[in-house]
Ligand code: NAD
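Form predicted alone, single chain, as structure tokens, below.
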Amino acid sequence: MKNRAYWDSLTQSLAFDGRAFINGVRVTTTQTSPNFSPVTGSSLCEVSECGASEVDAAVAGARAAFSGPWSAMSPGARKGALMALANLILENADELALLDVLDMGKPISDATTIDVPGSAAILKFYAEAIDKVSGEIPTTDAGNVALVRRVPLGVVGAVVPWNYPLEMAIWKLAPALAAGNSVVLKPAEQSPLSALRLAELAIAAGLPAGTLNVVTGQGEITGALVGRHPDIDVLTFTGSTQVGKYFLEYSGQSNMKQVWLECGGKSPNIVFADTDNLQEAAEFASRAIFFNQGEVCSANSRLLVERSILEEFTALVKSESDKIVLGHPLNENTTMGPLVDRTQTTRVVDFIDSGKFSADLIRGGNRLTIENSDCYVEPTIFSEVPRDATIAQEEIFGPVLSIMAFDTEEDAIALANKTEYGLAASVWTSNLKRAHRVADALHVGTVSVNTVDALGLNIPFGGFKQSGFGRDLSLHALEKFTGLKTTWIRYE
């Protein structure tokens, strides 16, 4: 049984290494910054602050790997290396899970059962796709043949967030590497440790030096250097909408590199009165906002309930939220841990304070200190939320739920779409016709019917409007990291 004592012991045995990983080796930088844990309240280690020289070196190493051993490697050999890396992730599962927990606060039960095995599964999915995705031969006039292939773009810059440090990195790395690109990865400054360890495992798995580089540092410095670098061919990003806009600017200021964005969300969860099982819907509604401390881009943070069942359903959701165990993330029974850092915690509390002026606070709302960390926020629920309230419109990225009533199907659709985001939505109804009508009318990338936040390795994930463009997961993700190349041969 892996209990608190086991995880505390493993924490003491780990040698935290925050040095950047460039061209196959760890690199010491002149400047560093402390990596504070929201779990311990203290710094785990010093982390490299990569500047222009380090980013240049990482890109040069990536370019050499792409031009040489990695893109030239046979599909079978590339597949073997990525499969070996997936297996090493599983062999080092406890260490990788613990690094993510200590970096950003998620419960260890989630990291061990979802994040780490999920990362290995995604990597294996794309490794298996390497020798199964082929080109095409379009119809041409007699005496001609056109061969259309998908070819790797070159050097990929990947900038990922802190809510799923290992898994979000794998979402980008797996298809990029499978397609034959090399990568310069910039993890969030709050959670760099699992990405750095992953780069070491990549070398052990047989990926050539320079194929995967990890540059650490602040977003406005290191991230901007990656975004503006003239020898990076494509940039893939998951994070806030505002930062996504910066990367679009960086592309225009440099080499017009392709930019693929998965940004913010304010996802609605629509519950109609004809829902068969309101208790089940309430369980899912609670999970949809409070899982991972609400630090999920597609979290169902707006709960839209048909007025005739509003009082009943609100009570059910509140009751479900009372079952959440807020506590130290290394405890076996904890289901919600601290937010990623004090800055994010203060930001969430500020949203809660603003909500008290416009809506009814019916649950939570307090900031707590647990074992030397004050990064804990109770599961928080507001009812009677005005449709134009700040908490109803802006992405909070924390455990805060806004409940609003609607009167008709048309009203629900209009309310759901009344946001600058378009990432995801959920719909609860027993009426099949209504399910299709509403799903068709919602302007989002994924509509989950009678469930929440549905996700699958072979299903594309991404959004519309200011939630970004391009898709992660599925074979469609390979499209972001490849280009169509035609060879036309006239033989008559």
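Because the structure is a prediction, the values reported are computed rather than measured. Residue positions are given as counts along the sequence shown, with the first one as 1.
Omitted from view is the form predicted in complex with the ligand, to which the following refers.
Scanning P75, G206, G219, P117 against the ligand in the predicted complex with a 4.5 Å heavy atom cut-off leaves one residue, G219. When you look in the predicted complex, the only residue of A127, V348, A389, V243 with a non-hydrogen atom within 4.5 Å of the ligand is V243. The three residues P161, K186 and F397 all sit with a heavy atom within 4.5 Å of the ligand in the predicted complex.
Note that among 119-127, 399-407, 244-252, 101-109, the stretch whose heavy atoms approach the ligand to within 4.5 Å in the predicted complex is 244-252.
Using a 4.5 angstroms limit between non-hydrogen atoms, F237 touches the ligand in the predicted complex. Taking the partner from the other structure, the ligand in the predicted complex has no heavy atom within 4.5 Å of any heavy atom of P338. Taking non-hydrogen atoms only, F461 approaches the ligand to within 4.5 angstroms in the predicted complex. Mapping the unseen interface onto this chain, G223 counts among the residues with a heavy atom inside 4.5 Å of the ligand in the predicted complex.
Contacts to the ligand in the predicted complex (heavy atom within 4.5 Å) from stretch 257-293: E262, C263, G264, G265.
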